[in-house]
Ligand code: WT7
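Only one chain is shown below, in structure tokens, and it's the form predicted alone.
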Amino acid sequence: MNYTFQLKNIEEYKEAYQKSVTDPEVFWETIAREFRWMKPWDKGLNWRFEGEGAPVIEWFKGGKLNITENCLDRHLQTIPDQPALIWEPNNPDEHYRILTYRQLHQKVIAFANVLKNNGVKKGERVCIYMGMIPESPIAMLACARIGAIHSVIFGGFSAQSIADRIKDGNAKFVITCDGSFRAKKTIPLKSIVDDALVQCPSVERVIVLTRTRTPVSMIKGRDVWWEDELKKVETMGNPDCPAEEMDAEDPLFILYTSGSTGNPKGVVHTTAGYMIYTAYTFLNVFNYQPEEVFFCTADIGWITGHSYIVYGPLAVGATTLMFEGVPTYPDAGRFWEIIEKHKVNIFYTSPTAIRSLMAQGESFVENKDLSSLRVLGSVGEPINEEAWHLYYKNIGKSRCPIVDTWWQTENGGIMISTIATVTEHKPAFATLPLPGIQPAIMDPEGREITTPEAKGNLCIKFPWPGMLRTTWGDHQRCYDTYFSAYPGTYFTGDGCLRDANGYYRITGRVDDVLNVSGHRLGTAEIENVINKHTNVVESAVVGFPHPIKGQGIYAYIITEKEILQEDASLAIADIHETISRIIGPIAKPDKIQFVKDLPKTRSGKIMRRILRKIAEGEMNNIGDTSTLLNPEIVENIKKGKMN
């Protein structure tokens, strides 16, 4: 399909950016008209602050649509037999699957009817805890078809993390699998869900897909098999499922993300603005061309999977590829084999994956045919220069532009990035803001730094269609987290610098949030779990540079009973097990140091700045310790630092 808003050169970018800043409402309305609406909107943008609360942000209010009509139905008229989704399984010996737009549409319709038959109604929340299989996006799209709000939970999270999310959203329905495959492991998803549901009386129905044939407990009256429910729909003659009419500002999904407090927050994205922004950014950033194969390696449970495996590509009629396994199974050449096998044109992955695969040596990529590649992408964390050059040379063969994309769960889609074949790349720089995005760099006093070269905290001055609207059930938290630090602007929580050419480089988090392998983890959340351990009195968690993950987790822990050196490994294993059970293995600290005390001010505040410096190895650059209640503890911690 041809879209008039696809940028072709730098002149068109500059013209579009200027229009988006001088008249943002008209700019986005023009783009919105290229999609299918049941009823046109009343007003392009409604934006206002109301006292000490999160702003009211409404795009295309009064307009009626359904995102699945734009992702599926309208393509049936033009590209019904084009592959919509290619699925590559964990085990390379298992056959891959291809679903055309016609087939994907049929499967979404069928499962939407399953949901309706099981009592799911418009506006209700449905938690999805599945592996990376085609049924995951089918479940998401089926929810959207009937107006239910989906909440996808990353398949690596624990039972407690699932329970917290179900309870926060007051979800009545869960969709899961008997299990999932990850390299040589089988993850018992249904069993983990069962453990979570002990705490969740709100759940009325659990729909279970067969994937691994793992033995499961099926509770009468609550648990049903996906396959059995589909057969019931088939006996009804495969009825149609007309798309539910949704207001532009109706919630599409909740996605939980870690913050600077202990509890994950449910970021809410709405229907029209999110759809338009993901479609616009996908088409432009990657310079997507008809019939190309786009391979995003993210998990469905994160925002990247939502926006650039499912909604963005499908909204513009692209072919999207999803992969069930890990990049190192059965060996470190798996990504490159998939690219060769399916003739992938655009490859989008994380710097962590690039660094870890390059560390395995070049032999895994040398004999692979990567000639189909045209564009490379990086997502999740800032990419360092060494990884950038390895990616450009070894994977792109020095001919594929790299789009280094910066954005967040709350943003909905890419905000600052190179635009393939349009803007010039610069190693380790996200480069330029996309049309519609108005960045501002703030100094510590909250003033915008307007000089060409600048360094400070990154804010966004004006709303864009894909931004979050609230945090589920707690609008005040949305204000406190994103809009209170710099009134009138959205605070990203990231620091950045701008060079003389106006290129932006993200320098990392400036709050108590870690970016580990592209995944955000709140330090308070990890500390709260560590402190639950029976022998722990207090803990402090900070980040430190990690050669593969970008940022690692360093935990300083005070114990009730002294940990002897010969018992330290068992104590660390116990703490790791506690974290794995309550949050998930992804949050396990890379280094744990047992300490007698933590550096604190006289008011009792832990000086994490000092702990961060020690973790980073900057022993001689600790700064002033005279204001500490216990300055002598700093030397003790430095002596015991983990290498």
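Just count from 1 along the sequence shown to find any residue number. The structure displayed is predicted, hence computed values, not measured ones.
Missing here is the form predicted in complex with the named molecule; even so, the following discussion is about that form.
Only one of 514 to 522, 541 to 549, 93 to 101, 171 to 179 lies within 4.5 Å of the named molecule in the predicted complex by heavy atoms, and it is 514 to 522. Scanning Phe282, Phe347, Tyr556, Trp407 against the named molecule in the predicted complex with a 4.5 Å heavy atom cut-off leaves one residue, Trp407. Shown without its partner, this chain lists Thr271, Ser136, Thr319, Thr304 as candidates; in the predicted complex, only Thr304 has a non-hydrogen atom within 4.5 angstroms of the named molecule.
Using a 4.5 angstroms limit between non-hydrogen atoms, His105 is distant from the named molecule in the predicted complex. Mapping the unseen interface onto this chain, His150 falls outside it, with no heavy atom inside 4.5 Å of the named molecule in the predicted complex. The closest heavy atom approach of Ile506 to the named molecule in the predicted complex falls within 4.5 Å.
Taking the partner from the other structure, the named molecule in the predicted complex has no heavy atom within 4.5 Å of any heavy atom of Ile309.
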